[in-house]
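For reference, the chain that follows is the form predicted alone, supplied as structure tokens.
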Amino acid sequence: MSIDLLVQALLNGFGLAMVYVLVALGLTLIFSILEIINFAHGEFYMLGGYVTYYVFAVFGVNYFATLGFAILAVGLAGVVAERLIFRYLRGKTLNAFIVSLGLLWVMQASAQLSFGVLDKPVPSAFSGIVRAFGLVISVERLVVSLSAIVLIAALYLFLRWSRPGRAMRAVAQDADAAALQGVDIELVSALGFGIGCALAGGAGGLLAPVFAVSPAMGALPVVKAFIIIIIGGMGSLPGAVVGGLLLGSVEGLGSLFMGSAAVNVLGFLVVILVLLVRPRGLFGGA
């Protein structure tokens, strides 16, 4: 087996992994701030896909403008969900688990009633392929990967340097201490939940032209996201990125030797191996 083939497989795996990292980062951000796990996170990914379908495929708006609109629209939907539902469940893991499962079914059923049960194909926004150093990648996949990296970098810069980002980090570290320093916990919670959902919506918008849009499209990405955050460590943003890169490399190399169904099993095998060595994940705290 040639080196070029191995590198090509890794490149293909990293492309999708970066988008799934966006979903994982959203989940991690919400967990860090509200101490809840949002099992309906995949439905916000689905919502981003449908926004992209109608705005880009039906109304013909520029793809990048559509992507920005999808991020904003899903982020606002996340803020509404936090204000109406999840603000009362902060730190109540079991209650939030049950409520988020209910929200998952409500959003899926609403999508089926509103958009139908059939898949809706989104036309490709970019055509052609890029060849470099013996590697081949479609322009569409390249744009998707680079856009995901830009969004990840934007999140890092926001959390690292902006005042709201520092407030979110403070709440994630110690909410009571942050409140004593004048941080508005309610506002930070709404902002964090909204940004987490916006990342999922952006991921849905990025992959809408790659895969068909459907009411159940959020199932696989959210499973991948959970695998990534378990590998990286629950609540760790750097861990989510490293976990995504590890999952992408394993699945990319695995695709050379087995079918797509078997490749999906590799992620769970990696989770088992990591947890045997590091029960809290690679970057999990004590």
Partner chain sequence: MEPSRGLSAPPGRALGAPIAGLALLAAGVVALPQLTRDSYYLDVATTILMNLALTMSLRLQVSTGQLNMAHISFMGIGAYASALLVTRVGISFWAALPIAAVVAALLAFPIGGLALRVTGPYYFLITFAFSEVVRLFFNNFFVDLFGGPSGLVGIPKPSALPWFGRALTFTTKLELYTLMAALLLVTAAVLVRLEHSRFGLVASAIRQGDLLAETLGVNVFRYKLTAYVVGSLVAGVAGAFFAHSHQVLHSSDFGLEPMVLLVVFTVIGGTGSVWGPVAGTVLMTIAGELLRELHHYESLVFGVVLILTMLWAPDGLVALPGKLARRRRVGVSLAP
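Residue numbers count along the first chain shown, from 1. What you are looking at is a predicted structure, and each value in this text was computed from that prediction instead of being measured.
There is another form of the same protein, the form predicted in complex with the partner chain; it is not shown, and what comes next is about it.
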| query | finding |
| --- | --- |
| Residue (of Ile149, Ala179, Val106, Leu157) lying close to the partner chain in the model of the complex, criterion heavy atoms within 4.5 Å | Val106 |
| Contact flag, Ile230 vs the partner chain in the model of the complex, heavy atom cut 4.5 Å | yes |
| Contact test in the model of the complex: Ala57 vs the partner chain, heavy atoms, 4.5 Å | no |
| is_contact(Ser162, the partner chain) in the model of the complex, heavy atom dist at most 4.5 Å | no |
| In the model of the complex, Phe31 touching the partner chain (heavy atom, 4.5 Å) | yes |
| Candidate spot Leu113, Met234 and Gly281, all three touching the partner chain in the model of the complex (heavy atom, 4.5 Å) | yes |
| Segment assignment from 91-99, 167-175, 69-77, 196-204: heavy atom within 4.5 Å of the partner chain in the model of the complex | 91-99 |
| Stretch 17-40: residues contacting the partner chain in the model of the complex, 4.5 Å heavy atom cut-off | Phe31, Ile37, Phe39 |
